[in-house]
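Two versions of one and the same chain are coming, encoded as structure tokens; call them structure 1 and structure 2.
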Structure 1
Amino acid sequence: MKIPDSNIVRCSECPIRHRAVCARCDDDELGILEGMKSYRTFAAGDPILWRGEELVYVASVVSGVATLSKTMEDGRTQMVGLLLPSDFIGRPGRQEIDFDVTATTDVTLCCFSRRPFEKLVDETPHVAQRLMELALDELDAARDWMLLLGRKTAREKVATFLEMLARRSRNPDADGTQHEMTLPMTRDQISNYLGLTLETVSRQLNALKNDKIIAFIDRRNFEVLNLAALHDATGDDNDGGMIS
């Protein structure tokens, strides 16, 4: 279901220009990238890369949401990453990846052939530097997620997930109420993200509703009624790590 996309945007006008792998590039370097890139779009639900598939392209997410997931032989699956605009797919120096990449919403990628890109990484310090920063950021996120997977209760997991969504789409009212937000995935996908079953996710979501912490508009849309209570339910520190 790959749809080659013809309306290539100029890098200088690219929405992820300042955050993606090209963020530190100067105009000359950008010119080189401009000549290498091609866009690809995927519809919601489409697979982008299969585990073990040869990695022909590496890419930046331009728009949409994609997920990384690992699946065991008996079908148990665990999401191990969420790719948002400006996040990078693939790694220079490796021929394949050992997880699946799937489009959760419609996704547009800015693709580079792997081989020429690897050459570029070797020759263009600004790209390697930025790639390092992106990898370290992902590592931080992965470590937070490990704490969640290993030690948090079901309620804390769900609350953490909702709080993350709330932080992402910053639009709080003066009173701390957060207006209409959308769950970007099904209950099943959320459960794979949180290391739970879909039934438990459903129950915890309704428990938070009954506690007046969130309210549902419909099954996919909700609002946060009490951001402080939501935060309390996450089990996270209040202060973000200040020494007390």
Structure 2
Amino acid sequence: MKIPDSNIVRCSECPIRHRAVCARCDDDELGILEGMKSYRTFAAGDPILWRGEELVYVASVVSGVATLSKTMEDGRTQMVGLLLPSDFIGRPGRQEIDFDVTATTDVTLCCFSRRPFEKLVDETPHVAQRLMELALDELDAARDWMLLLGRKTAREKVATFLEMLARRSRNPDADGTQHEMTLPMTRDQISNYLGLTLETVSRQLNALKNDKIIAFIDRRNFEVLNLAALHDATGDDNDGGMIS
């Protein structure tokens, strides 16, 4: 159930201020956004938007994690993406949402009514530029996702997933080591997302743990002990050249 949130944070104090759609805005532009926004919160498991639903508002994820999924006519559902803090929901100029959006954890959204926001995009180059950057980032992520599903091994898939969480974490140490983080999904959901079985996901997480790349505090909370080794486990090449 969506709940209007009266505890709205000022834009200048927002934890996603320098990563979200407002990242390039000056003080005057932030003032305009400040007057337009509202917060909505969703409990874990709540639907945020259904595919084909009228897009009344667009939003940035302030906290929490949501999934993007599509359901086929026979009921099969495929998770096709994750929304993490600072990610943007909706597309100006479109009247419907193309995916089911579901809160995986408790989620807080910073929402803008679609039509006033579309007008702001037309009139504010900084917002339009940032939207384009976010769209290009999403395109890059989709291409990486094609590689993951098509070519990566089970170990590389799980390592890539964990590295993405580490990269998007807010508070890395200077050496890249992360403090405690939480798996935003159950292992069953992770297996759906990565196209693996539940048993394979559990086996690969245990292998990374045994290799002292990660350490689990409990079933959902973990630390990255060696970020460089985690990156190596993804199979991604640092410089783009052939590995001899």
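Take the two forms, superpose them, and find the largest set of C-alpha atoms that agree within 1.5 Å; that set is the rigid core. All residue numbers here follow the sequence of structure 1, with the first residue given the number 1. Note that the coordinates shown come from a computational prediction; the quantities given were computed from them, not determined experimentally.
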Open item on the list: I want to make sure I have the labels right. Is the form predicted on its own structure 1, or is it structure 2?
Closed with: 2
Task: Selected hinge residue, 105, 143, 126, 80 [rigid parts, motion between structures 1 and 2] - done: 143
Open item on the list: Please report, in whole degrees, the rotation of the smaller rigid segment with respect to the larger one between structures 1 and 2.
Closed with: 20
- [ ] For residue 212, tell me the Cα shift between structures 1 and 2 once the rigid core is superposed, in Å to one decimal.
- [x] 8.8
Open item on the list: Looking at residue 186, what is the CA displacement between structures 1 and 2 after core superposition, in angstrom?
Closed with: 2.4
Task: Per-residue Cα shift, residue 222, between structures 1 and 2 [Å; core superposed] - done: 6.0
